[in-house]
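Only one chain is given next, in structure tokens, and it is the form predicted alone.
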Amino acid sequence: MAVKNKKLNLKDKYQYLTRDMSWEPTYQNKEDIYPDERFEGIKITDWSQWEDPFRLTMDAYWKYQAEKEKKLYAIFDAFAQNNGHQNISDARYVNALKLFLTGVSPLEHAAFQGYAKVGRQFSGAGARVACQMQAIDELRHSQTQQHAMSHYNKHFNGLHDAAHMHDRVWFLSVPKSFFDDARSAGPFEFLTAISFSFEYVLTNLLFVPFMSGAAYNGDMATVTFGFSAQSDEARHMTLGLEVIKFILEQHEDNVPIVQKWIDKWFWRGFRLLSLVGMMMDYMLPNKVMSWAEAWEVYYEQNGGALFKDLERYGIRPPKYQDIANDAKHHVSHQAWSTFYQYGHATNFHTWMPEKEELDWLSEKYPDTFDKYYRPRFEHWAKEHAEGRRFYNNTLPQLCQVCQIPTIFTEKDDPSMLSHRQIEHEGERYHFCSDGCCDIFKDEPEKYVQAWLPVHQIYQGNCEGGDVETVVSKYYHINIGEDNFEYIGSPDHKRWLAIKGKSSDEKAGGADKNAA
């Protein structure tokens, strides 16, 4: 009599998949096979407690992802064939894509490399499988983002060499250094940095407002890859929370180590997201919400509930949370001021907001914008109108940790630049804040090796000592095409031609119904 095979349910499949991939070695010490599992001080007593809440198996994973890919690339093709770039709100919007493609998409590839490496370091099979799937997710996101934006490269400048620029351009060292820092840490710190602090605590601040911004500005290609990645991101966020709970539940000695990492990676993420704040407030012609509103919703409300939940493990909110909450009223304006001054050294165009945009900023930032920033912007606009468009030809002081110029101000005095400095082994190092200073003090031997763009220019390592040579030869930015003021640029002229308008018309010209 034939024996009928029992059909396994999803939970059983997941159990077999993960548990059967783990065995006790017989001719090698386990410590030699997984040498990086212990040096950070994290104590794991029972790896079998690690469980993916989605219990996703590889065969189910491939099936879901293949379905998503088919739909995604069908929409990309339709967008290209129908000249979708002509339906965006305004060509100024494309400058946000240039920053995203050179600043964020390479981070997806860095995350792929990080999870592929970290998965090898864990002796627990469940953790290895979760890292493998997330590595594949991140590689897919990197590829789909580049495909989504490749169409724009045929019609607009500044998108031609994103990978090269990510490695070299001064402001792109900010996101690059963030992931290089995480990838050169131990495996548990990497998970705390990326899975928890970036994916769970801060990722909504990057993807949700930006994808909504793409929809508001008629960019359906970017919206589509955002939706395609959203189910992956939701899984990553859930895993990020489970990771931190798993580590904390394994041993009480893990609590202070994890708390230190949360303090560090919250602050590094907060500094990195100042670029996103600038994109939301200044680079989207049709705006969704202000950066301050996004921070309140996605960090203060959601993050507040998260850290209340983690109190039972002995975890408190990040050390410098109050400073970050106060800075939401300032960082986007301070960042755009900097990029406007250095618009000759960027792969995207900059501009001063028009009157209706200044009024929108005044409404969204009633306590700070008119007092500290609007007079400066109106002065620069007046100078430009009189033929004296301001460009700053000096090189700024960079923070040794986050690598952002020291442009931010003190919490209790927005007219005072925040600057810290300390001496270490006879050398002086500079920082933008107490948060970055603390990170340096904890691991000075790591951060003294930081590759700071300004220092490299002064040391003659960037193919020249003047801005023009560095920008053209080292950054691969096409001078006069990719950079400088938006008004009168080739992109602006091309957009006017697409819309059948004369060059006398102003930048706006936005199709307000594009959303």
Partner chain sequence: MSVNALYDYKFEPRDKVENFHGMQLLYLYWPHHLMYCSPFAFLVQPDMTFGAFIEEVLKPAVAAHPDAGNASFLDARWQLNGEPFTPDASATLKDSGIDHKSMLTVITPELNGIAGSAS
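For clarity, every value in this text was computed on a predicted model and none was experimentally measured. Positions refer to the first chain, counted from 1.
Keep in mind that the form predicted together with its partner chain is not shown, yet the notes after this line are about it.
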*asked:* Considering non-hydrogen atoms and a 4.5 Å limit, does its partner chain approach residue 474 in the model of the complex?
replied: no
Find out whether any non-hydrogen atom of residue 443 is located within 4.5 angstroms of its partner chain in the model of the complex, and reply yes or no.
yes
Using heavy atoms and a 4.5 Å limit, would one call residue 61 a contact residue for its partner chain in the model of the complex? no
- Interface membership of residue 428, its partner chain in the model of the complex, 4.5 Å heavy atom rule: yes
Counting only non-hydrogen atoms, the one stretch of 30-38, 478-486, 49-57, 62-70 within 4.5 angstroms of its partner chain in the model of the complex is 30-38
None of 400, 102, 346, 192 but one has a heavy atom within 4.5 Å of its partner chain in the model of the complex; the exception is 400
Answer key: of 342, 79, 246, 320, within 4.5 Å of its partner chain in the model of the complex (heavy atoms) is 342
Contacts from 455-469 to its partner chain in the model of the complex (any heavy atom within 4.5 Å), listed N to C, are 455, 456, 458, 459
